[in-house]
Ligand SMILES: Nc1ncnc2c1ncn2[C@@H]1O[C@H](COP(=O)(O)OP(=O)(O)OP(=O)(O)O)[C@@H](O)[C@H]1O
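Only one chain is shown below, in structure tokens, and it's the form predicted on its own.
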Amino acid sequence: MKQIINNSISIKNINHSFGDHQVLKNVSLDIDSGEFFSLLGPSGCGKTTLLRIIGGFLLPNEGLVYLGNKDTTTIPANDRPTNTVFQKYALFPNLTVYENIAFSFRVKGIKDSEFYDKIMSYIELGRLQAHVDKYPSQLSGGQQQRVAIMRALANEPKVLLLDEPLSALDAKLRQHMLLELDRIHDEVGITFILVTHDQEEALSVSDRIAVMNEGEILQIGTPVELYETPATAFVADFIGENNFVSGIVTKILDEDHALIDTSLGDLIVELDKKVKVGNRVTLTVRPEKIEVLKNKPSLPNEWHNLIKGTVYDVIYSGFQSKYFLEVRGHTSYIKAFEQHDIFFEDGTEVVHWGDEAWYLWDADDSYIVEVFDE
């Protein structure tokens, strides 16, 4: 069933406005053939508008859309080799699972005998064999979603567009359906483009992600690249939790590290951006990168940061504890997350609310996300 065809998408300088409001601002990106690609961002950032332009439901004010080597910008949605799965699955309530998936073939007047095997292969792909003769009202939300996806795939599009298809599902079912989406993509092999505002969804299934805000793409990368090396403060804040600290560059230590004067004291950061002495910067460190210690440790080497404060709060959530450290002179709490990979026996020294504690992290886990003029 896996198709070996050119399913690449190229978006070139797309601009689009609704009235006086510009929704997309000179958006360009390339999506590789067979990729599972996500458009991630908050509500109103333009991601659904971009998906609708790719699918042919909207004509952009400016710019071009290529599928493979073909300009599809002005081709109507029904003549474009794409299919869309919307938030509302739009299944026909009076048709069975089989009939919903086979609908487009019957509308074209094709005989059942000519597409029966194909429809059954998609029913098997969607793990819907036990539900062939059921109606949508007899299915769970996850089963309805799989029917919608199989109906979209049955026409063998080159690109499947997914417009927040998991938003109506509860948390556990959403996680299960993410695994199903990933499995289906791997088996079919065509290009998937997912629109979502949920960073966990995007990180879970995507080969690459474009993070959008206010009509612009801020960063494109793999889930690891976006999470570990965010390019901007918005990306760092939107994907996962983070600590933000402002300061001034006081010394370039070597080609990879700089010393920053902050309200937490002098901190060493990795130089993933060009800076010079005197620049004001914003740096980040992920909470899970920080080790929480009851007693002052000796530094493993010079490329570590160590700060002291008072534990303002501890939140226990089963698999981890979240520590909030109050540091004199710093206006917000510094978060640290500790995974519970071992069981704490009686007598084990742990950090509690109100304790003085030390936060330790590797300098290479601190990144500069904003650079300002002197």
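We number the residues from 1 along the sequence you see. Everything numeric in this text was worked out from a predicted model, so none of it was measured.
Separately, the form predicted together with the ligand exists; it is not shown, and the next lines address it.
Residue contact check: T48 to the ligand in the model of the complex, 4.5 Å heavy atom: Contact with the ligand, yes.
I9, heavy atom within 4.5 angstroms of the ligand in the model of the complex: Close contact is absent here: in the model of the complex, I9 is far from the ligand, nothing within 4.5 Å, heavy atoms only.
Exercise: E164 in contact with the ligand in the model of the complex, heavy atom 4.5 Å: Taking the distances in the model of the complex, the answer for E164 is yes, it comes within 4.5 Å of the ligand.
Non-hydrogen atom contact F18 with the ligand in the model of the complex at 4.5 angstroms: Flag for F18 set to yes.
Heavy atom contact within 4.5 Å of the ligand in the model of the complex, the stretch among 62 to 70, 25 to 33, 313 to 321, 38 to 46: Of the options given, it is 38 to 46.
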